[in-house]
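Take a look at this single chain, the form predicted on its own, given in structure tokens.
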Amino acid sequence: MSVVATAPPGQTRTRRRQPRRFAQAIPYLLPAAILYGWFLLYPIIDSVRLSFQEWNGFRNSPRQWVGLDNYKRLFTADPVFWKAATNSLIWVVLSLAVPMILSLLLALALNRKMRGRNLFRSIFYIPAVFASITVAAMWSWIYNPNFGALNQTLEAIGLGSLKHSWLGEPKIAFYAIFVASIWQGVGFNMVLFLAGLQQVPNDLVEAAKIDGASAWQRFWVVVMPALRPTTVVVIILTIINSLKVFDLIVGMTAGGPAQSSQVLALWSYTQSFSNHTFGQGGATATVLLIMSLCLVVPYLAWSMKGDEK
């Protein structure tokens, strides 16, 4: 005698309704899907296709299919590409280390009850509202070697020997720009972590405190697991924003001096619109896309696997 397992009547009705609900949602999703495809997916596909062609960007000039020649020139005859790729990866690593830790520390500090807490939250978040090109202009004035606030302050406190041409020295310029990015971006991640901290059950924290857990143990065992979804979002956004950093570098050094602050996003733009080699610019953009997918997709898959467990 065999027993056939059947789904409950309510579950069967729910499964039947799902395709119907999706069909009803299509008219509402279609306009957004069309805009998404036209303004995002199509440019990506066209950029990848352009990476296999040679084109100077002028309308009357034909596109010539060259296969993998653009990639060969990029990897073998373009020394700036390797400098830009290295800088992009360094930017990602530094962004995952310094601003994320600062954001989490600020969120933990400003999540406590204290006088002026909302004021401090606003102060740290305000730089995230500014346009990147505005931040670039502000920090260019701060870094000015003659009358900038940084060198003037060092001189006033007796540390004049530390004065530099912050954006004019190849060994310093890239990291000087990164400091400006920390100032701009730490507030946004802080707000995300603050939102995550609101979801941490106070009962668990109090129970751990009653059991004699130290502050570090409560943070690592109770708070961090609850912050996992927020941390995943912050890391993914940080990787994506780091790889596509553009405005700050354009506004502060334009990739100089001597290409020392060049990154892949800016180099792709320079090849396309300044050098009029849109094929190599598309190849650079395609490499940047592949790097983004190689960094984001494995981490996202790993984090989802952890959630399933």
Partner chain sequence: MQVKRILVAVTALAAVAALAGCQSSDDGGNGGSDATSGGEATSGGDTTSGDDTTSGGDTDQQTSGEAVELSLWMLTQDGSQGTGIETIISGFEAANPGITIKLETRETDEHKDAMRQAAGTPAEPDLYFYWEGPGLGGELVDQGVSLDLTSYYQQYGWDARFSEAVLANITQYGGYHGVPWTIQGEALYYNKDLFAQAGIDALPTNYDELVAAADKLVAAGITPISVGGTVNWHVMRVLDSFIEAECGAETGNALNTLQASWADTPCVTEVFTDLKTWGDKYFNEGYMGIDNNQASDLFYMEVSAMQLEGTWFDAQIVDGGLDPEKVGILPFPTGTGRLYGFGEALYIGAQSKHPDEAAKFLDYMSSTSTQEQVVGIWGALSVNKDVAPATDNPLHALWPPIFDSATGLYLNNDQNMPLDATTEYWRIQNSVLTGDIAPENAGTEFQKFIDAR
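This one's a predicted model, so the numbers in the text were calculated from it and none came from an experiment. Residue numbers count along the first chain shown, from 1.
The discussion below concerns the form predicted together with its partner chain, not included here.
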- Item | Site check Q64, V93 and V179: each within 4.5 Å of its partner chain in the model of the complex by heavy atom | no
- Quick one: does Q53 come within 4.5 Å of its partner chain in the model of the complex, counting heavy atoms only? no
- Any of the heavy atoms of S47 lying within 4.5 Å of its partner chain in the model of the complex? yes
- Query: So in the model of the complex, does any heavy atom of L243 sit within 4.5 Å of its partner chain?
  - Reply: yes
- Message: Although the partner isn't part of this model, could you tell me whether P201 comes within 4.5 Å of its partner chain in the model of the complex, counting any heavy atom of the residue?
- Response: no
- Item | Options 207-215, 189-197, 137-145, 120-128; stretch whose heavy atom lies within 4.5 Å of its partner chain in the model of the complex | 137-145
- Task: Taking 4.5 Å between heavy atoms as the contact cutoff, choose which of V98, V233, L108, L154 touches its partner chain in the model of the complex.
- Result: V233
- Item | Residues in 275-291 close to its partner chain in the model of the complex, defined by a heavy atom within 4.5 Å, in order | N275, H276, T277, F278, G281, G282, A285, L288, L289
